[in-house]
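In structure tokens, one chain follows: the form predicted on its own.
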């Protein structure tokens, strides 16, 4: 049985960033991932463009990830507009009300994963075990162990699950999770358009559906359509010309003629919140801890924050020569991350509920909230601080 200090199950963004956060500590880390290493080194395009807050950008710079993004791949969000129904009225968030040059940034998910892999590759204390997965995990007072699908057995002081919101390891450890299946699917793609977007992001709450249009480099935008699962297949199966017209009409022609670039991708929308973020010698991070609805664009950012919180507690314990896997260390992580995550999770779900409710009172309330947000500046600035994770 091979011995490590930490075993991380899952080399998605949360697992990779967590390993990178601890790469300079000298701790012996195993990073287990079922995908082959060649896929981690050069991830395929998956259609997702990630909105990054100022806090996330700072962390990615500290981890030597930000400089690895290709030239021109970081897009700015300087303004955001929220629209309701068919009304042209919108709630506006503008970077000029802050001390920042942008509200946030957009980077494609596959580029983030590639840069994380590259930033981690030079560290000898992190061993990547790719092409296999964890099939069982046990923990006790003295440590934990895992068995891999190829028969390997590993043991460590701490086991960390970063294996998606449907984490089998979390379930095997007896940690239940609250799940909310929204019955909706997100269809994502990129589109070129005739008119410039002026670095403005749009969130359009149409009846039964939403449309996000997020500014990328040049006259290109990232498109996110959320709609009932039963209707999503029709969108995926539309011929390209019909799809172009459909999105152009949904967006009321604001950007002129629109044209699909590349493929369309679809993802079911299920929110998850683990009842506990820790157990004996065990912790969950990323989507295994909290999986968010994309409407507030906080999923990746929250995962990055959570791994940073756990890594900080581990570094502190290691420097003081305290066992990194003891409950006191993990409880501090759980307390801090739940405090950061739970309000966001509940608020996001409440927004989704309000903006998918087609009753007359809900429509009146939505319209009133948009106007209130524009006229009450302290409330608007508070929302900007929350959404961008910046200090004004």
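Owing to the predicted nature of the structure, the values given are computational and were not obtained by experimental measurement. Positions refer to the first chain, counted from 1.
There is also a form predicted in complex with a small molecule; it is not shown, and the following applies to it.
Heavy atoms within 4.5 Å of the small molecule in the model of the complex belong, among the stretches 130 to 138, 310 to 318, 247 to 255, 170 to 178, to residues of 130 to 138.
Checking 154, 279, 188, 211 against the small molecule in the model of the complex, a heavy atom within 4.5 Å turns up for just one residue: 188. For the candidate set 28, 332, 48, 54, a heavy atom within 4.5 Å of the small molecule in the model of the complex is found for exactly one residue, namely 48. Among heavy atoms of residue 35, some come within 4.5 Å of the small molecule in the model of the complex. The small molecule is not drawn, but in the model of the complex it has a heavy atom within 4.5 Å of residue 267. At the 4.5 Å threshold, heavy atoms of residue 159 stay clear of the small molecule in the model of the complex, well away from it. Although the partner is absent here, residue 184 sits far enough away that none of its heavy atoms falls within 4.5 Å of the small molecule in the model of the complex.
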